[in-house]
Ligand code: NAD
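Below you'll find only one chain, the form predicted alone, shown as structure tokens.
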């Protein structure tokens, strides 16, 4: 007897849905926004950058996938700016929000005793508090629309720690706790909340980090990748933004309705140690 064919999301699986992806004018966030648009979701980008460059990104996504693409340059470290962004969301397009992806974040590396307090505050504001503020405003819209998917981009550092990354590790651990709390509060509704915990993902910022480390240590690019950046990843390869985008799309679809409150590692075995 032949096994049933595996379920494959149709091209328009997210048609009629509207998604906000924070920190999405480049890197992982942009990859996620493109993946959602490819499945038919209208997307709202968020992030700083050259206005003309961002408009080109919007136009390219809209033309490629036939969806509406908006943009907000809200500074997510400021709760008032987040509030204004949501006012604009409700005043434009359909006024609905079905999908929220909290991806915006920054990093700083220093020993705790030398960690600048202002940098601590900035990282906690953007990497953790911003997600609280977007979620508290998004959940009522999801309840109103009868559908909600929240995906918080945490990190392997939300599950394990590394030295010299106090603020980032604290924020990402906190983001996973926030994810679980929101999942419990919405569990009886058609809303889910999950965290994806990537290891290293290859982006232009990581490429620059490779080059900087190679110069600083006087070693080959391959050695930087293998012995420094991916030292904790058993598979010794970077994830791609396309992989993170595809996983996010799955969590945002109907097939993932029973997955909520999970911290899902995409880290090449890092946290399996």
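The structure displayed is predicted, hence computed values, not measured ones. Numbering follows the first chain given and starts at 1.
Beyond the structure shown, there is the form predicted in complex with the named molecule, which is absent from this document and is the topic of what follows.
Novice: I need the one stretch from 111 to 119, 93 to 101, 149 to 157, 186 to 194 whose residues put non-hydrogen atoms within 4.5 angstroms of the named molecule in the model of the complex.
Specialist: Residues of 149 to 157 come within 4.5 Å of the partner.
Novice: Does the named molecule get within 4.5 angstroms of any non-hydrogen atom of residue 260 in the model of the complex?
Specialist: Answer no; every heavy atom of residue 260 is more than 4.5 Å from the named molecule in the model of the complex.
Novice: Please tell me whether any heavy atom belonging to residue 40 falls inside 4.5 Å of a heavy atom of the named molecule, as the geometry stands in the model of the complex.
Specialist: So residue 40 does not count as contacting the named molecule.
Novice: Taking the named molecule as it sits in the model of the complex, is residue 88 near enough to touch it, meaning that at least one heavy atom pair lies within 4.5 angstroms?
Specialist: Output for residue 88 is no: heavy atoms all beyond 4.5 Å of the named molecule.
Novice: In the model of the complex, does residue 28 have a heavy atom within 4.5 Å of the named molecule?
Specialist: Contact with the named molecule, yes.
Novice: May I ask you to choose, among 169, 106, 124, 141, the residue with a heavy atom within 4.5 Å of the named molecule in the model of the complex?
Specialist: The residue from 169, 106, 124, 141 that makes the contact is 106.
Novice: Give me the residue from 137, 176, 182, 76 that has a heavy atom within 4.5 Å of the named molecule in the model of the complex.
Specialist: Exactly one listed residue reaches within 4.5 Å, namely 76.
Novice: Can you tell me which bits of 201 to 233 touch the named molecule in the model of the complex, meaning any heavy atom within 4.5 Å?
Specialist: Residues within 4.5 Å: 201, 203, 204, 205, 206.
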